[in-house]
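Following this are structure 1 and structure 2, which are two forms of one protein chain, each written alone as structure tokens.
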Structure 1
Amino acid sequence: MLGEGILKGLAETAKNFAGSFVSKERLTTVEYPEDRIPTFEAARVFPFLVYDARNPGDENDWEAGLRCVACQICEKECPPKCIFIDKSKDKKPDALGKQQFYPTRFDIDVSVCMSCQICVEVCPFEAIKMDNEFELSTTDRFGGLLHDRRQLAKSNEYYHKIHPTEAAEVDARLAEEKAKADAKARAAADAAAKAAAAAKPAGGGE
């Protein structure tokens, strides 16, 4: 029937309008910013960088604990090309204790970002996630919308706060990977010790 969709939409609007006088659930208008609707866990706005707290209280803790290893996959896969990364020349240990490169520069232009979450999907290190912070307006329409790695860095604790289910799954997976890496390192150390012991000449005089 021609116009059936329009009629259904108008009926839903009328139902909400009439129902708003008797049911708070039908009151769909919120007087923002005084009143706010709780953010859904699955909400996504702009990306942020996760860091694992290592030295709480240290103002540079965010830099030491960044999960990002500057692999630049997110930069290459970003559709609007709003991520800019420079890789370090040296390495530092990551969350698993493995020596990795790190970003000396990691910028995201939030005025260009389309919140597609592709950067999150392609990251193999669980280093970039989607924030739910949307109040990012600024009077600086250029530099103020280019967020650097210090602005983007947020703790794993914060990640747990906004996405508890997802963060718990990520932590469990990282813990499992760390346990495997530790077991592999112990096995290698044991094998090296046995090899050294076997190669050592037997003691005793002639």
Structure 2
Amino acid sequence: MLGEGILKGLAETAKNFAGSFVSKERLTTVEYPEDRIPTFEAARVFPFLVYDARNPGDENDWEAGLRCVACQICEKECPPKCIFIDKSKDKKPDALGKQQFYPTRFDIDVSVCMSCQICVEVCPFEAIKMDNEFELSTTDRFGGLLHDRRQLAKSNEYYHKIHPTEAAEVDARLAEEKAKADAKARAAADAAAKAAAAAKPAGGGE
């Protein structure tokens, strides 16, 4: 019958209209700034730099604990080229005690970043991760949109808070690496000790 579909549609919208006054199901809007829905664990918006808190309470703890070694892979891989890194001249010991470069400048432009997460994928040091903070708007459209390393640096605890599963995996991986490195160092030390021990009797034998 001609016009039947129109009547059905009209009935449906009328139901929606009347129902929106009584049923929560027909008025699903959450009034955002006042009410919020919890963010999902998998939510990803904008990268941040992970640092390991070594001595909490220290003002410059974040700088010392940055995992980033300024290898600049993310800067090169970034599709919209929104990461700007300056490599340091000197080296500092990293979490494994190895001497590494560190970024003297690490800026990301919020207005350019497209949240593709490629920087996270390519980072070999688990130093850059995705944040779920989405209220990044600012009234300063020139300086305010360029986040520097202080703004980007967030502790590993924060990472655990926003992405617990993923952070646990990362920590496990890092611990494994550390264990491997430790084992290697111990093996090297043992080998060195053994060599030294072997050299001594030999030398003594001569």
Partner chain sequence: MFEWLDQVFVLLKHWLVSFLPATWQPVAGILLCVLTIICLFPALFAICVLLERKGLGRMQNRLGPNRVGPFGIFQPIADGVKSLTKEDLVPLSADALVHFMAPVVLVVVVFMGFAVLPMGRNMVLVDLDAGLLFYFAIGASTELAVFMAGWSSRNKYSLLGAMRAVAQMISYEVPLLLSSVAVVMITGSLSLSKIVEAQNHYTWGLPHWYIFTPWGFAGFLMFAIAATAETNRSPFDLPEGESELVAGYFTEYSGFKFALFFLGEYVGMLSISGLGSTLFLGGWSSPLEALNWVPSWIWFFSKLLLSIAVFIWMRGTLPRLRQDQLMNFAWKFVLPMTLLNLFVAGLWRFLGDGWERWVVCSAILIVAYILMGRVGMYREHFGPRRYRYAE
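Given the structure is predicted, the values throughout are model-derived calculations rather than measurements. All residue numbers here refer to structure 1's sequence, counted from 1. Throughout, rigid core stands for the largest set of C-alpha atoms superposing within 1.5 Å between the two forms.
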Block containing the form predicted in complex with the partner chain is structure 2
The number of degrees by which the smaller rigid part pivots relative to the larger between structure 1 and structure 2 is 33
With the core held fixed, Glu12 moves its Cα between structure 1 and structure 2 by a number of Å equal to 10.2
Cα of Thr28, core superposed, displaced between structure 1 and structure 2 by (Å) 2.4
